[in-house]
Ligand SMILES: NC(=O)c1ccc[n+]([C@@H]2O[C@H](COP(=O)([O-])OP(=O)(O)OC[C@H]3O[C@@H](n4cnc5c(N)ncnc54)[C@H](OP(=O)(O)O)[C@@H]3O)[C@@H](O)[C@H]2O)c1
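Here you get one chain, nothing else, as structure tokens; it is the form predicted on its own.
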């Protein structure tokens, strides 16, 4: 099996770090490019950064991810999430390199009563979602051989995410109030990385035209934030870690600058059909992640 080189934007993100880890077990070489070589807030760095790496596939993983701050930093979010991916895609296309763009369930408004498919109209309800939707459009316009992967509720042993936040709170308090009326697919970054590596290989080995387009990539199984928190504490207790009671609350009781979709569930059947990729159930991946976080002592 021939090795493939994958250039990944960003060096510290959950997916970028997971791609580096998971690629060690495959015939893929992952090269992460970030600041100062590549700074998506400075689009003039994109061309030279991409030219410096002889990649077979580009994964556009770097992003502005602070959902609440995006409400007041909309211009920066639009630049990093909306404009820069289109420029990256244009440069990749000029070099004949397929591109994988990571996107989000937040491009939907959450009003649908069933999981969202790729054919459902997008209607983001916050600035972050609008910036990511703009990025999808920019990539599609600039690169016909693109793959856009929408994912949901990412967690990992790295950086800031819901699992790490819950465990940190459990070390300080006996009860945690968690929203119970928002549902989605908690998805391990490690599983996303495995899926990306498979899609990347498919793009190299098969016809890009047949495997291009928008796909949903999220864990099997759905839950609410409150139920997810309870599962985190159960996994922690099984490993001798901190735990807390979960007090379910309504979204109206936990006001944030940015509105969140009530329904973030994603239907991933198209990804399975076209690329042969199906992610594990979220509960199967949660325990190992909790174990790693507890080993870190944070």
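Keep in mind that this is a model prediction, so the values were computed, not measured. Residue numbers count along the first chain shown, from 1.
In what follows, reference is made to the form predicted in complex with the named molecule, a form of this protein that is not presented.
*Asks:* Give me the residue from 270, 69, 259, 35 that has a heavy atom within 4.5 Å of the named molecule in the predicted complex.
*Replies:* Filtering the options by heavy-atom distance leaves 35.
*Asks:* Work out which of 126, 222, 202, 103 lies within 4.5 Å of the named molecule in the predicted complex, going by heavy atoms.
*Replies:* For this set of options, the contacting one is 103.
*Asks:* Can residue 165 be called a contact residue for the named molecule in the predicted complex at 4.5 Å between heavy atoms?
*Replies:* No, residue 165 is distant from the partner.
*Asks:* So in the predicted complex, does any heavy atom of residue 80 sit within 4.5 Å of the named molecule?
*Replies:* It does: once the named molecule is placed as it appears in the predicted complex, residue 80 has a heavy atom within 4.5 Å of it.
*Asks:* Does any part of residue 182 reach within 4.5 Å of the named molecule in the predicted complex? Heavy atoms only, please.
*Replies:* Flag for residue 182 set to no.
*Asks:* At the 4.5 Å heavy atom threshold, is residue 278 in contact with the named molecule in the predicted complex?
*Replies:* Residue-level check for residue 278: no, no contact with the named molecule.
*Asks:* What stretch, of 249 to 257, 55 to 63, 236 to 244, 22 to 30, brings heavy atoms to within 4.5 Å of the named molecule in the predicted complex?
*Replies:* Result for this chain: 55 to 63.
*Asks:* Going by the named molecule in the predicted complex, which residues of 10 to 32 come within 4.5 Å of it through any heavy atom?
*Replies:* Those in contact are 10, 11, 12, 13, 14, 15.
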